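Consider the single chain below, provided in structure tokens and representing the form predicted on its own.
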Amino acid sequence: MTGQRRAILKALEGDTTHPTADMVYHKVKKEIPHISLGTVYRNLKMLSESGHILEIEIADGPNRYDYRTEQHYHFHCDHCGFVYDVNLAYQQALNDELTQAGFLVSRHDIQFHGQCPKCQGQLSH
């Protein structure tokens, strides 16, 4: 674990905003001024592939990163772009149903879309 990776993990730890690579870069740059954006991208990819963090793919925007690695779901606000953790129980039964249909399922990701409570309040005024 390099110092750069430790700094990236530290930047993500406790951050529930699910930051983009650019957001992580700006946070880590305060601690390691000479770090490049490319280095942050490469390390985020490595940390994601090794299971230290989750990479959340966003169809219409930059991917987000999550320190929480246990199976959980996300809500993506189509208005402000914020990504929230959703506190619903992981539905293992979905994996089991696909396994019974002949698929080899390791996990599944569900991402809900719509408007967060904050944006609903802003749009109704």
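This is a predicted model, so every value here is computed, not measured. Start at 1 and count along the sequence shown; that's the residue number.
The same protein has a further form, the form predicted together with a further copy of the same chain, not shown here; the description that follows concerns it.
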Item to check | Non-hydrogen atom within 4.5 Å of a further copy of the same chain in the model of the complex for each of 13, 34 and 69 | outcome: no
Next on the checklist: Taking any heavy atom pair closer than or equal to 4.5 Å as contact, tell me whether residue 80 reaches a further copy of the same chain in the model of the complex.
Outcome noted: no
Next on the checklist: in the model of the complex, is there a heavy atom of a further copy of the same chain that lies within 4.5 Å of any heavy atom of residue 41, even though the partner is absent here?
Outcome noted: no
Checklist entry - Is residue 9 a contact residue for a further copy of the same chain in the model of the complex, using a 4.5 Å heavy atom cut-off? => result no
Checklist entry - Would residue 23 sit within 4.5 Å of a further copy of the same chain in the model of the complex, counting heavy atoms only? => result no
Checklist outcome for this item: Within 45 to 80, the residues having any heavy atom within 4.5 Å of a further copy of the same chain in the model of the complex are 57, 59, 60, 75, 78
